[in-house]
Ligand SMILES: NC(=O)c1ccc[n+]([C@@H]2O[C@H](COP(=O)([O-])OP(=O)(O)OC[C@H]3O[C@@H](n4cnc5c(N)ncnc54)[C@H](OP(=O)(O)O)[C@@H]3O)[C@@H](O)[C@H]2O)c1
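Here's a solo chain for you in structure tokens, the form predicted on its own.
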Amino acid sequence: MNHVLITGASSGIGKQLAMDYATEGWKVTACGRDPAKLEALNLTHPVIDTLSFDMTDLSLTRQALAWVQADLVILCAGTCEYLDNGIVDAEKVARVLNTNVLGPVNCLDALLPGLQTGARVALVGSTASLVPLPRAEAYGASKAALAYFARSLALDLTPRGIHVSLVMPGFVKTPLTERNDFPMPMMVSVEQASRFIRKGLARGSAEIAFPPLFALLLKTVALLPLAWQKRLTQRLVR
């Protein structure tokens, strides 16, 4: 039986992935910081094992994951906080970077020694990392850092036969995006997001960006001069 470990499984995309992989017959280890939500997930899906720990704490993460030998690891946990009016709040930025960058790195520190040839690691970034967006300094920077880390890690793990996929969602209807107070074009459901991710991973895709049209539009904008990118993204937000 294939074994998948998923972080951020308390809610949103991570929770949907855990349920879908369990339905497909995988052994699922669902990880998160909220033990009550994980317990509720286990009650509705008893075949899902759960682990509750704070992945921003390296020592706790090593303790929690030291025994795990998974065929697929999906590092899905993340957070988002916005900066308003160009005011840089260092504590806010640190919280986002700790969760979105150092959290996955801590998990990889703990998991990689136990991964075997043929295993796959998926790091969930965001299409927001492709172009500069207003108020998204912390979030976009964290996802851009994660994307670079994933692409570089893919090169270094190739000799071990371990594969790396970068997942780049657009807007997905989750508890996190429900807090947004601006238009979110081409939003997809968590069920749709899970299908995009699972199909891409099954194909062995190095990059899974969705929804396809939205990702293509942002990638096209990213090719333009920075001044043009600024004009287009400002219009998009308005």
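These figures come from a predicted structure and were not determined experimentally. A residue's number is simply how far along the shown sequence it sits, counting from 1.
FYI, the form predicted in complex with the named molecule isn't displayed, but the following is about it.
At the 4.5 Å threshold, heavy atoms of residue 121 stay clear of the named molecule in the predicted bound form, well away from it.
Under a 4.5 angstroms non-hydrogen atom cutoff, the named molecule in the predicted bound form lacks residue 65 among its neighbouring residues.
Contact between residue 37 and the named molecule in the predicted bound form is found at the 4.5 Å heavy atom cutoff. Residue 76 belongs to the set of residues with a heavy atom inside 4.5 Å of the named molecule in the predicted bound form. Think of it this way: in the predicted bound form, the named molecule has a heavy atom of just one of 175, 183, 212, 46 within 4.5 Å, and the residue is 175. Stretch-level contact check against the named molecule in the predicted bound form with heavy atoms at 4.5 Å: of 157-165, 77-85, 109-117, 130-138, the positive one is 77-85. The putative spot formed by 2, 29 and 199 is not touched by the named molecule in the predicted bound form; no residue has a non-hydrogen atom within 4.5 angstroms of it. If you take 92-121 and check each residue for a heavy atom within 4.5 Å of the named molecule in the predicted bound form, you get just 99.
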